[in-house]
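Shown next as structure tokens: one chain only, the form predicted alone.
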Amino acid sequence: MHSSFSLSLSQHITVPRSNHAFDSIPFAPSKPINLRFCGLRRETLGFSSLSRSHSRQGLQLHTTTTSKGISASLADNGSPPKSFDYDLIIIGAGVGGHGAALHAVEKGLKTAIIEGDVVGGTCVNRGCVPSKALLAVSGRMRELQSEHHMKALGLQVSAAGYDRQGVADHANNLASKIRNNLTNSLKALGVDILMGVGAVLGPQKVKYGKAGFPDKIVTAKDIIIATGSVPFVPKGIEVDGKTVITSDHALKLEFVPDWIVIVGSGYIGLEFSDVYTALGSEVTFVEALDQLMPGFDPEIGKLAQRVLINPRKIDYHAGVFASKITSAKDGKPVTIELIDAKTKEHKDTLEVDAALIATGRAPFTNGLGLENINVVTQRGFVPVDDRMRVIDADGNLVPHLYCIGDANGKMMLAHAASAQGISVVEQVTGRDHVLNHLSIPAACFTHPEISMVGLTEPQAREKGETEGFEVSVAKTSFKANTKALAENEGEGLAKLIYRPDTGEILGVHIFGLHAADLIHEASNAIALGTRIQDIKFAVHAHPTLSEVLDELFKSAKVEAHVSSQVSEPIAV
């Protein structure tokens, strides 16, 4: 799933840790979002190209100068061990922890990963993997149900139907397959998987264990926290897991309600509206802000609403809170009380078959033992610097301790967590590395898809006003693309936001067929510091959807006298 994208609520609560360790689902530094994405590496699909090496010869640890001093209070929190069980211990075996572990092995580090629930975390078990299985079904159902679309292609199809349990099994089987492949890839590479709830006991020291059994203690030169997040449920909402549910429950598809309210119109809400309406449900969105899809570029959001919401069995209430939701019981329906988001006056009461709470994610960080190293969370998030190094309550860096993914709140995307983990491994093996979060893409897997990287147009114009540069916009339509027209999928738009004086790409937003795949040319250009005047000479195969981006870059007007050389260093 998701970049500062906002949903119906803008605050988080601290969620107690239970006997689980989760990993990343999309989010923003300041606002909860509905976002589910996956950053699994090829080893997860059953391929392994790495060989295990225990040799660390030639590696020299590099210490980077920083404005924050390294914490000198080790004696207050216990003494670090003189020898270590591992070079690296990772707490949490989700996508972030998995990516860090694979890269650590590649770098020759003896690595262990601690998991308190199941390998794969939220993404594989309760997030991006099973949700994509459901969305694959909804996409095919939409195509088969569209008489106009089929007729345009010269096809005749009888009434399409589905087997609910078969659809649910498809999602569950996919999650099981990816989870097993991920587990096997870690074992094949020699990563020790330590089952139990992990916590930091002191400097370079971790304990883990299961309820009813004694804890075990292990040590490591470096430690990464990668415990992820859980669904955020606002006060006043009674979740029973059957009629009032979170995304965790919805992915099981235990029933398809006739009428379901989705609280929050971000990524999770949008994707589930795509699934439920394709399977025959009526959907009502409840959004606290004055417009739907508030986290998207406004122009893209307006087009998406016209295509994804208005023609479907979807209505919405914007500018309202769901102040109280009561689950169905004793033959009574789910009741939802709506109040005005500004005045808090009662607006309406809905009686529906089910309600899905899609109000974002909350960090899963309680019980990590952070008090042992003088670390205080901020709204549940572990404070870190731009190198993912944990910062203690006095503003000092905690030696050899890092935090990645949803737990630090920088960018709550599974692939962002993996990238942060890889960046940390680079640092602990001697190469200073800073991840450029503006180059990390995001996508919403509706039909058609939405994707983006970098800044929205309002964000870019605000930055331009602050820093004193002009901002230009270029656009191209899918209706001008041969491949899209051949697929009878010409509805779509690509938008480029850039600096005309330098050719710097500030943001790219796409709505249309396979937008989630197309965005990576733009994200890689931002990551590598490639300017428009250079990328517009790239050659794209014809006829392909990639030509949408080709035409987009070619349509940009960059000042001719600007050199294409990038003088400043680019963090990737």
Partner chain sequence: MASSSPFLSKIPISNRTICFASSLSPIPSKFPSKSLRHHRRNALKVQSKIREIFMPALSSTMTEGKIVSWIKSEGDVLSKGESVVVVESDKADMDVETFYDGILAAIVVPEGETAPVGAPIGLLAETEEEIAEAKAKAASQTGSTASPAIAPTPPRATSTPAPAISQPTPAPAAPAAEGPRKIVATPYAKKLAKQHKVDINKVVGTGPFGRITPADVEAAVVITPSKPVAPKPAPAAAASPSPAKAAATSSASPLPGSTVISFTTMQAAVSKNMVDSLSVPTFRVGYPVTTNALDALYEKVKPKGVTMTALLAKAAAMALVQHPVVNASCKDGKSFTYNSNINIAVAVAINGGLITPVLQDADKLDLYLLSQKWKELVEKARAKQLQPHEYNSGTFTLSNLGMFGVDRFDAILPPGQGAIMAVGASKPTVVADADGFFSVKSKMLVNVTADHRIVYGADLAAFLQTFAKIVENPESLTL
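Residue numbers count along the first chain shown, from 1. No experiment lies behind these values; they were computed from the predicted model shown.
Heads up, the form predicted in complex with the partner chain isn't pictured, but that's what we're talking about next.
Shown alone here, R461 lies farther than 4.5 Å from the partner chain in the predicted bound form, counting heavy atoms only. Remark: T284 counts among the residues lining the partner chain in the predicted bound form, judged by a heavy atom distance of 4.5 Å or less. Interface residue remark: V471 is not counted as part of the site for the partner chain in the predicted bound form, having no heavy atom within 4.5 Å.
Residue contact check for N310: one or more of its heavy atoms lie within 4.5 Å of the partner chain in the predicted bound form.
Stretch 332 to 340 is the answer when you ask which of 332 to 340, 119 to 127, 371 to 379, 416 to 424 has residues with heavy atoms within 4.5 Å of the partner chain in the predicted bound form. Residue-level contacts in the predicted bound form: of R164, R431, K302, H149, one residue has a heavy atom within 4.5 Å of the partner chain, and it is K302. The contact residue chosen from K177, K479, K475, K210 relative to the partner chain in the predicted bound form is K479, the criterion being a non-hydrogen atom within 4.5 angstroms. Along 341 to 355, these residues reach a heavy atom to within 4.5 Å of the partner chain in the predicted bound form: E345, K347, D348, T349, E351, V352, D353.
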